[in-house]
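Just one chain follows, in the form predicted on its own, and it is written as structure tokens.
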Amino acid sequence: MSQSRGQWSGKLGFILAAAGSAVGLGNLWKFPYITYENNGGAFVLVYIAAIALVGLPIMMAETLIGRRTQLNAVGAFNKLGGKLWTPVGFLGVLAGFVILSYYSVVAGWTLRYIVMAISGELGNMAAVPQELDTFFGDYTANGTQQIIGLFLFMTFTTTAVIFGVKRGIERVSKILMPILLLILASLAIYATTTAGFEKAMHFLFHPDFSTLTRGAVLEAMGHAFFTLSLGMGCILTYGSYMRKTDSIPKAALQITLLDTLVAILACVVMFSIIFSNPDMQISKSAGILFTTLPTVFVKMPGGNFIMTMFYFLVAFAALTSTISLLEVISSYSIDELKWSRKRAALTVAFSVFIFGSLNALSLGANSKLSSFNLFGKETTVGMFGTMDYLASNWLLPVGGLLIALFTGWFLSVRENRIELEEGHGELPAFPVWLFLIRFVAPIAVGAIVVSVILGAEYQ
């Protein structure tokens, strides 16, 4: 690999950067919500099983493709599979662009809330829940403020990517990920002192399989796949910067465990809060982070400090994810279009900002964008909702299914074994991985795709 393209300084750099890509708003908000919705215990066990049987094998596959080719998503599939498989790479780049265009809008909200938490304004407002609800509605409908938040977050994201793999992405990940874990651990320790902690632990870790539905199993499989940033080119691109002397199986396992730990700790924190406040309303919308939780934090001892820590946590988690998404598209521009890293990062970021502004304005500032509905469903009203639905229900699962089929059936057994054992040594579990990537992962992800086609998507 050309050193000018970039390379992690070591295994830790790759693990923290890839874990940062995986850890995001989905861990801190979506997983607690769907766990609550699906009655805890049994759902958590199915989710962990899905992580092991679907998520981990596909993560190893993506990393394998990236390190073997040492190219971006498009170049990697073109090199290994030719023109027939090149569209799979483009699908990943497109998914990264679409997700970044709306994800960074929500990420921008965290900046406003950090400032408000530090100043005490958020605490004062949260003391009157109706006032906070009104503020949030007005804030998201204010096009100027939405675009400012989007611009600022994209600026932070772009700066990290411009500085490159080692001096930018890796350095930021090595700073933010330990801080993120420290804040989350502190909040989890605090959760043990709340009245709802014991009930939260029982809810999470005492399975009742009579409450488990087919829909819950499908949702667990879906989230296990998406939470690891699979199917969007992030892990493949990060894998392309990985050294040949580092172990793919060990790194993938450590990233998976770290991501799962964050999701579980987030549940411990959230459910301890929820069960300490029986009247708390749980929402499927990401707005729960910005409307419901502040009203609970303000009632706690040291509430303003806890609130501030929490929004730093959310911002750091979002930033490590947006950096990986921007890198996917920038890497393509650097490798295939032969742009300099600075030109690639700035051009792509500007394009994302322009498209992301449409998503930002669709939250209430522009009536046409707010009523835009490409798929004709209640969950896809508005440009923002449409892009989220497109990425989550189509681009990612289709991309993930094709990655599993490509690695399991198109690449030879010998090619896969050589790459997975390089930097690791003999891999006795290789036949297990091969079985999972050939049969279990395609069937599981295929079930998600079929459910979308039949109109019974889990989202």
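Note that the structure is a prediction, hence the values are computed from the model and not measured. Don't overthink the numbering: it's just position in the shown sequence, from 1.
What comes next is about the form predicted in complex with ligand PHE, which does not appear here.
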Sort through 48-56, 65-73, 25-33, 407-415 and report the only stretch with a non-hydrogen atom within 4.5 Å of ligand PHE in the predicted complex. 25-33
Ligand PHE: the contacting residue among 113, 153, 77, 226 in the predicted complex [heavy atom, 4.5 Å]: 226
Contact residue in the predicted complex, from 263, 252, 99, 105 (heavy atom within 4.5 Å of ligand PHE): 99
Would you please decide whether residue 321 lies within 4.5 angstroms of ligand PHE in the predicted complex, comparing each non-hydrogen atom pair? yes
Does any part of residue 234 reach within 4.5 Å of ligand PHE in the predicted complex? Heavy atoms only, please. yes
Please determine whether residue 270 contacts ligand PHE in the predicted complex, using a 4.5 Å cut-off between heavy atoms. no
Exercise: residue 325 in contact with ligand PHE in the predicted complex, heavy atom 4.5 Å: yes
